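One chain follows as structure tokens, the form predicted alone.
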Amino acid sequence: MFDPGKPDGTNNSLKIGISKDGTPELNYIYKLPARCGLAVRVKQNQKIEIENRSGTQVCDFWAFNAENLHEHLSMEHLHTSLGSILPKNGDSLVSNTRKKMFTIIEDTSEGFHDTVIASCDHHRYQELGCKDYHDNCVDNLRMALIAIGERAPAIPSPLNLWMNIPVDQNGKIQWLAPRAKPFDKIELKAYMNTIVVMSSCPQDLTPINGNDCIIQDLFFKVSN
């Protein structure tokens, strides 16, 4: 039987939880190591800021209702609520029950964040020709939750921060390097108690993390 919470492989995401239950030290800048995932609790009215110091690194971003992990940030519902596939500064992000979970209160980039593409997973890398296990965002999500004593009940589509996937008038997509600048950041305010999971995307077989395909650290903090 398929278990959505069980990783297909492992990496350091199982060992680097910021605390036993994911509660952060406020205003402390945490490093999200390249190729790994981390989970953090962001309470109602708190803010989370994520910084892309290289400008080339994509962050897969998920959020779950901390009281009910079956409610989660939903890209499908976001498309309906915004009438767009590109959330911008000031937009609200909604759950699969159409409740407001976050508002983007600052975005220093041009605002190119992907809401269409599923997270990379073990099967995607097999399609790309990998014979052995490759770090992937789906397993990073699973392991980040396990590291704080939780388990993924499903694998929602992520908000792919800084991922540049243009869609042309015929519906065709391209896989391009991010348009972000070094030290671009995005800040979101929470409207419910959440568990946020972030993955420093390990995709190094396409140019979505820059044309040189080098995977970088990301940085984040939670504040009141």
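Being a predicted model, the structure only gives us computed values, none of them experimental. Each residue number is its position in the shown sequence, starting from 1.
This protein has a second form, the form predicted together with a further copy of the same chain, left out of what is shown; the following refers to that one.
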**OP:** May I ask whether R98, A154 and I173 each come within 4.5 Å of a further copy of the same chain in the predicted bound form, counting any non-hydrogen atom?
**Re:** yes
**OP:** State yes or no: in the predicted bound form, is some non-hydrogen atom of T103 no more than 4.5 angstroms from a non-hydrogen atom of a further copy of the same chain?
**Re:** no
Subject >> Exercise: N89 in contact with a further copy of the same chain in the predicted bound form, heavy atom 4.5 Å >> reply: no
Subject >> Non-hydrogen atom contact C130 with a further copy of the same chain in the predicted bound form at 4.5 angstroms >> reply: no
Original post:
So in the predicted bound form, does any heavy atom of S119 sit within 4.5 Å of a further copy of the same chain?
Top reply: yes
Original post:
Taking the partner as it appears in the predicted bound form, which of 183 to 191, 23 to 31, 164 to 172, 41 to 49 has residues with heavy atoms within 4.5 Å of a further copy of the same chain?
Top reply: 164 to 172
Original post:
Can you tell me which residues in 72 to 89 come within 4.5 angstroms of a further copy of the same chain in the predicted bound form, by heavy atoms?
Top reply: E76, H77, H79, T80, G83, S84, I85, L86
